[in-house]
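Here we start with a single chain on its own, the form predicted on its own, put down as structure tokens.
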């Protein structure tokens, strides 16, 4: 059904007065696109508003909610869990990407950014000063914004040592439902400076991972660290999932890995074949240098060569580890600890994949479609190490139950993995299926890239099967005590929650957003 005409909606003129005509988008395509995430769209808002300052953002929020119109904030648009999908048509989508100011305070080792700054922009700006944030972005950082990551929750670059995006926050300024601005952390103290997070109860945590249900991020202050000059990596192949999971767990507990990720056979194939001779030789030399003696080094090189051939031929599971050091000796010592931890589980192979990742950490969003032009959607859960095998076994049993139907409807799966700090294992199942493209794909991906991919007809049966299986996987995650980032409106956050916890969250929501107009449906609140 086509979106309704909003030309004469009384709110449009007021929005134009607040931010200017060019920054209020009302065409059907714009309204659909900005309310459509990687996976789907739910409802079409009245308009898309693009504030250019925090004052404009606060004015728009207060103006809309006073009229009973819902607010749905949107960052870079790389989410897949309905977080910025409007659930009611009487709403406004706020595109935050014009809020892109960066204020660096190298003396205090802090950086304050407006919510629309992308991680790639921030990393480049800080890098010129030899600095970075501890968590420095998801792989989608060319588009993903700092505000989006705080609302949704992100892991990837730096998470092996420094945790998810929220763990780098010092203070925030939040636009509440009435248009007022709340300050958190030390910024809220008398004569406050945003240099420390914990001064009494930590209010910042209320707004990390809330997907805009509690308020809209306006400014975020992050702590800084020196950008370490040396990065080294190692890759390992494994005979099966258990070996890979064991190796990744063992490496995580060393507290040495900055970035890491594991790939199942399907995702691995997308990277294989990129190995060149120089990268293979570099990996071999690095392995030899960490050996106890020349004989041990030669044995490792032979084992690595045989393993590399088998790895390429059989396309087994793989895991990839990146360490960072103040100098080469420091980085080598960290990588030696990782190798010692992982070697009992797998065999070292050429480190092409992490080399490519480190050379281009923020990748174009080509993976939002499958390699043959299929639709793509992931989901994930963060598990305790002790629960990883149980989840994997239940997931494989589910795949077996659905195998015939998946083959008939041309639905396939893959998976990616990462460890977070020394305690968390993120398991990310992925679905691919043949189906039509939607407006999101057409706008996000270059025409020349799309021209190389086949097109498919509507496949509602496959879409239905994918959603049914996603529901089943969410239930398996829950049975294993998993938690989730990017909760949005997709994960059953309130289902089965401790009653006192649920009561407190509901009361806080009612206090901050009594009309329930801040991203309705997020967190199930």
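Numbering follows the first chain given and starts at 1. Please read all numbers here as calculations on a predicted model, not as lab measurements.
Omitted from view is the form predicted in complex with a small molecule, to which the following refers.
Self-check item: Contact test in the predicted complex: residue 411 vs the small molecule, heavy atoms, 4.5 Å
Solution: Answer no; every heavy atom of residue 411 is more than 4.5 Å from the small molecule in the predicted complex.
Quiz item: residue 363: heavy atom within 4.5 Å of the small molecule in the predicted complex?
Solution: Taking the distances in the predicted complex, the answer for residue 363 is yes, it comes within 4.5 Å of the small molecule.
Quiz item: Does any heavy atom of residue 73 come within 4.5 Å of a heavy atom of the small molecule in the predicted complex?
Solution: Yes - in the predicted complex, heavy atoms of residue 73 and the small molecule come within 4.5 Å of each other.
Exercise. Please check if residue 317 has a heavy atom lying within 4.5 Å of any heavy atom of the small molecule in the predicted complex.
Key: Close contact is absent here: in the predicted complex, residue 317 is far from the small molecule, nothing within 4.5 Å, heavy atoms only.
Quiz item: Looking at 249-257, 190-198, 78-86, 349-357, which lies within 4.5 angstroms of the small molecule in the predicted complex, counting heavy atoms?
Solution: Every other range fails; the passing one is 78-86.
Quiz item: Any chance 152, 215 and 486 all have a heavy atom within 4.5 Å of the small molecule in the predicted complex?
Solution: Yes, all three are in contact.
Quiz item: So which of 345, 139, 432, 241 gets a non-hydrogen atom within 4.5 Å of the small molecule in the predicted complex?
Solution: Only one listed residue qualifies here, and that residue is 139.
Quiz item: Looking at 144, 171, 338, 177, which is the one with a non-hydrogen atom within 4.5 Å of the small molecule in the predicted complex?
Solution: After the contact test, the surviving option is 144.
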